[in-house]
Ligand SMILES: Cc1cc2nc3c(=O)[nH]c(=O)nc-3n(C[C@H](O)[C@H](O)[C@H](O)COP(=O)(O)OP(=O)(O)OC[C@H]3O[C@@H](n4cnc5c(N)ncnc54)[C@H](O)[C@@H]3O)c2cc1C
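Just one chain is shown here, as structure tokens, and it is the form predicted alone.
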């Protein structure tokens, strides 16, 4: 990486636009600022760009560390076209599995097949599944409306009168209707299914794919998003690499291993861990907001500004971070075709379809509450029960791009949703390695007995990654992967109508973007908030 050693160059004025964090939000903002001639400086605490969205190589296998594919959402392809970036993409085909029932989301009839599988699995819940079908189809129609046209931040309708009149204006009323409906109803998907009359098993089967407390429209609309996924040839990490290259070739700088430890709004300077000061005209924080407010130095600020900062600090520090994941990166001595018989390259799989006990998350809460007093054998047994009741997200990169594994062999990326605070509890008790080994063995046992027989005998490589790995690598609270906990009211905007205000803070010349600036969040939100912040910063930079 460039700029790891020595002082960083600064413009003649001594101030420049600075971005803290080189995840997708920071890189998107940096690309658009570089295009306007702002020559931004991006400071990244880790040794590489991309944040959650990265890929790494091990023994000839390419593994993706973050999302298994990238949702287009009317944002990804328009961004690439808008910036003139060539990034080869293939469709990120998805399958879901419940026990022995599999659905492949290859065409418009996929939802019919999924609902038919639910009716076979839960024959006594026909009436409830009828209600659920209406809710899913309505939510999917809303998602299609949102995704149908390029987001206006990436294709300005005012610059193309024909597009404005023929496509954008006819679409606008539908979009506004969707924005209004989603903004008024944030009920968790679990509550909505319960009111439909779903029993615990059906609720668990449908909801275990989602984070706790996910708004129901957002959750049920994901069946439409399954057909919207794109996968970059070479791995998801190729996308942030393309943005990084664009920034550098358009006058921007990216400095890795430059963690910012102090922000002084009164003097508009930041200090990195090496003790170097950087003066800014405008500053974008593209990271964890809890970390931002731990780094703000209030010296020299007026009393009113101090009060605003303290109010925001209390709001963010009292809010709970969202869930994390535990991931196994596996290399298997078997060809991709063996795995392709069961699923496409992206599988969401629940091993059990009946006879469940407590929901997996209830087991996790019990485990966290009594962790200190649990004996080793009991810990392994409880973790295995959790693994048996979990839903697995499995990516098989070589089914998307054959070059991502050695010939005749296959890499698997297997994840389960996990509570990052549990891992911090284990860390405090000096039992994180014990928990990691229990999770690894439990997941391998369940996968071998339910989905991939004899897989253990063919394992060539296994690399675990815990929520602590994410926390330490990218600085996200408790390893959270989508910002704030969805079970509580988020301390940031959460409606489509408020996304433009999501990038503002109460501190002059300081902006925010990324998964912590808006909720619920994912890759499209990170990109969009980075773009919106860049537009606002560029205007302010020109005025100053």
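Numbering follows the first chain given and starts at 1. These numbers were taken from a predicted model, which means no experiment stands behind them.
Beyond what is shown, the protein has a form predicted in complex with the named molecule; the following relates to that form.
- Highlighted residues 96, 332 and 347: none comes within 4.5 Å of the named molecule in the model of the complex, counting any heavy atom.
- Residue-level contacts in the model of the complex: of 432, 115, 325, 379, one residue has a heavy atom within 4.5 Å of the named molecule, and it is 325.
- With the partner omitted from this view, the residue of 481, 34, 492, 486 that lies near the named molecule in the model of the complex is 481 [heavy atom within 4.5 Å].
- Of the candidate stretches 256-264, 174-182, 368-376, 74-82, only 256-264 contains residues with a heavy atom within 4.5 Å of the named molecule in the model of the complex.
- By the criterion of a heavy atom within 4.5 Å, residue 509 is excluded from the residues contacting the named molecule in the model of the complex.
- Residue contact check for residue 55: none of its heavy atoms lie within 4.5 Å of the named molecule in the model of the complex.
- Mapping the unseen interface onto this chain, residue 519 falls outside it, with no heavy atom inside 4.5 Å of the named molecule in the model of the complex.
- None of the heavy atoms of residue 467 is located within 4.5 Å of the named molecule in the model of the complex.
- Contacts of stretch 489-514 with the named molecule in the model of the complex, defined by any heavy atom lying within 4.5 Å, are made by 514 alone.
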